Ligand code: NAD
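In structure tokens, one chain follows: the form predicted on its own.
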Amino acid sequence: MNAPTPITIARGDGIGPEIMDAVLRILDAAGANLAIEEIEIGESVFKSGVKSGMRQEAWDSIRRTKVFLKAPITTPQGGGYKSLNVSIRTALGLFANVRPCVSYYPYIQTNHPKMNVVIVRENEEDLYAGIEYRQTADVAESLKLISHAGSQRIIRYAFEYARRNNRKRVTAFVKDNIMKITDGLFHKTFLEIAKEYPTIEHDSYIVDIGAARLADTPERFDVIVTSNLYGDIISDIAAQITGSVGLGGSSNIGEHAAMFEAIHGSAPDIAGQNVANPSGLLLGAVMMLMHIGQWDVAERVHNAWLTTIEEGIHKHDIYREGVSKQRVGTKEFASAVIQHLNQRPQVLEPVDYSHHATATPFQMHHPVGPPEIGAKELIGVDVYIDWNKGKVADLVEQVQPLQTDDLSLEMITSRGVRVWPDGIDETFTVDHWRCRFRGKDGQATHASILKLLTQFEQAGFDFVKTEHLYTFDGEEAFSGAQG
């Protein structure tokens, strides 16, 4: 027998300990070859004064085993506590969040009996970078960061996942009709990488209509790849329309480590009552087994779970009169899955993971770096100010004299809407203004921008932020204004 695979587990908070106990019983009975290290994370660690929710020895264990099976945890409410899930994903570089969303009709009620969609969500960038600022009394800002390298990684991962799991199509969800630079970069990268996988179909949707069609006709989708915020939203939509968010498991994959979990929360209101459904964490554990190469055990567990569902042995959250045959507790459900090991469902489609024994190894591609560009030129600056001392005309009167020999005032906006020149009185404004200056000869320098900012300071303006305006190969690399 091969040496056991080291994994780290955390029993978590709320229902976490009891569903982890159930899952570990099933894995042991199925013959999973694991060497388990247990760590403590979550609410108790937060409250002991560790702001991250994890002590150093917990981090050391995960970095040593590189495989983490985590039950749900509770992040205390109130300031000072960052999401532990986000911290783990970003610290360990777990860039790919994978959520299979499958219907189990007729045993679990759904309007979409043929649904079998996998959401591949970028896990580190976008608005979830968590870079936010309160800039004025009225306006707060959150930065949306999309990189070419990050887009490459997640999009290639989605195509590799499709290749390895015999999926036929990869679909990108974007919003580049509005966010033309950030989502435009993601979409352009998607089209570039799709060319490397000619046997896999590809298409794209604007995220709003894509989400609507996912909710209405999910069977049209196979693998969906998208950025962080969109992926968070649509993966919950997809899980819910399968019939139960409580059955969803997910994996978080990086180059150096991986984390596996249920997608639901810690549900402290039902903790310790033997009513929690361990299925989400169990299906996360199945993904873990696939990740560490124990595909035969993963197949055994998954088919046993499907058979248990098919036999009508259900937890209270999916129990339905006339369909279910036996309502069981957490421990009893685990026992039923164990009893069905080595059985295959007859109505639900059984899983067959045997092709993984000979499949081409999963290719974890390194990003090849930023796209090739020619000249990058600085041509101006946006100066954001906090000002509430009059009307637009008053602001223009005060800002125009600040122009320098090198930089001229091109426009002023409020909340992205142009108010000068050619503004209209109906435009709603707040105390947050963008003053755009361009180089008079088509170029700007850091020295000229510093001179301009000195002018603002001497005039008594509170400038809260600046953004340099660049061109790449002569193409403007910044947005215009509404209006």
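Not measured: the values here are computed from a predicted model. Heads up: residue numbers just count along the shown sequence, starting at 1.
Omitted here: the form predicted in complex with the ligand. The next part is about that form.
A residue is said to contact a partner when one of its heavy atoms sits within 4.5 Å of a partner heavy atom; Arg153 fails this definition for the ligand in the model of the complex, lying far away.
Shown alone here, Ile309 lies farther than 4.5 Å from the ligand in the model of the complex, counting heavy atoms only. Taking the partner from elsewhere, His264 is found to have a heavy atom lying within 4.5 Å of the ligand in the model of the complex. Using a 4.5 angstroms threshold between heavy atoms, Arg164 stays clear of the ligand in the model of the complex. The candidate spot formed by Arg55, Ile88 and Gly93 lies out of contact with the ligand in the model of the complex, as no residue has a heavy atom within 4.5 Å of it. Heavy atoms within 4.5 Å of the ligand in the model of the complex are found in one stretch of 169 to 177, 315 to 323, 377 to 385, 114 to 122, which is 315 to 323. Only one of Leu407, Val207, Leu283, Ile73 lies close to the ligand in the model of the complex, with a heavy atom inside 4.5 Å, and it is Ile73.
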